[in-house]
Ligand SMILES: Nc1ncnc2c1ncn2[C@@H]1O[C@H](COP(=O)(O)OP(=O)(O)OP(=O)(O)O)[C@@H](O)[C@H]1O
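A single chain comes next, written as structure tokens; it is the form predicted alone.
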């Protein structure tokens, strides 16, 4: 097949996606599941911009680990407050600056000026001179501005205390001026603020909004929102979303990172398209995990060599049941039944249930499998088992080790 035919066949192939951009990191949704309280807190803090514009300069500090919604919450809040201000006849601008890219005082002030549409020759001007131009521009055109400094820790580390103090306490030098400039500062922890002097640190930490990692149920709601916008109907089941959510959910041992969960769903969809599948399946998610978390594959592969023969056999049984069912979890009873079949096939006496349960607990402790207790949809309570990585290469490696153990035994 020619290169042209290869490319054309892929382009013309049906896709599970109707709008992939919804899964992009830069996408800002209309609503934020499980971040309503954070939006409300921001609205309360920045309320004076609307009720008594110019009376006070507000600084809010958003704290939380990666992927917990800090950046998207700031974007959504800025967008919505601009709308509210417009209805009230107040000209409000929202400016978002990433300090990973703009790490110096000069580059941040320049970014603010550019976002506000100032066409000034920046070369030769000091940050202070540029900031005065910005403040005068805002006064002249009756503007108010919220500036979000994302990944603020980079700015602190590079620019230092004096630069931070200058930005957030600019009105200390002009106490009679109308307070038109406000800040939302975003960082992962308070630790980096320890390099600031006490006065600057206390000023910045006056209004802290903490973002906790997402739980699995919360991630499911976020993924469902994105699924409904990004994929064609009935191409991604709730079971797939639940599987992704439980892999990443903080209460299930994950990091609670919504960004990672959305990335996992995107990769699974891309893999489904590449394989020509009409649906995103659980195995597509496992393959996505294998691509994103290569270190997990390496760790599991390394740990396999330390397993006993019967631990390898129960793992193979789990893999076989997952492959045949196509589901995300297998019941411990079904896995044990398959294990006994394998023992017969390998002419090996099966271990008792209590020992099998110990094997499964050991596999979980080594990070090779995940387990949970059954909930809705199951009669009684039973242990459900899943494997977080692609099944085919894992089974191949398990088979190699089983064969090696059997040869050593004989």
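Residue numbers count along the first chain shown, from 1. Not measured: the values here are computed from a predicted model.
The form predicted in complex with the ligand exists for this protein as well; it is not shown, and the discussion that follows is about that form.
- The stretch from 78-86, 193-201, 170-178, 223-231 that comes within 4.5 Å of the ligand in the predicted bound form, counting heavy atoms only, is 223-231.
- The shortest heavy atom separation between residue 27 and the ligand in the predicted bound form is within 4.5 Å.
- Under a 4.5 angstroms non-hydrogen atom cutoff, the ligand in the predicted bound form lacks residue 288 among its neighbouring residues.
- Taking the partner from elsewhere, residue 342 is found to have every heavy atom lying beyond 4.5 Å of the ligand in the predicted bound form.
- Looking at residue 259, you'd find a heavy atom of it within 4.5 angstroms of the ligand in the predicted bound form.
- Three-residue candidate spot 240, 247 and 269; no residue lies within 4.5 angstroms of the ligand in the predicted bound form by any non-hydrogen atom.
- The partner is absent here, but in the predicted bound form a heavy atom of 66, alone among 66, 41, 50, 366, sits within 4.5 Å of the ligand.
- Note on contacts: among 132, 163, 115, 72, the single residue with a heavy atom within 4.5 Å of the ligand in the predicted bound form is 72.
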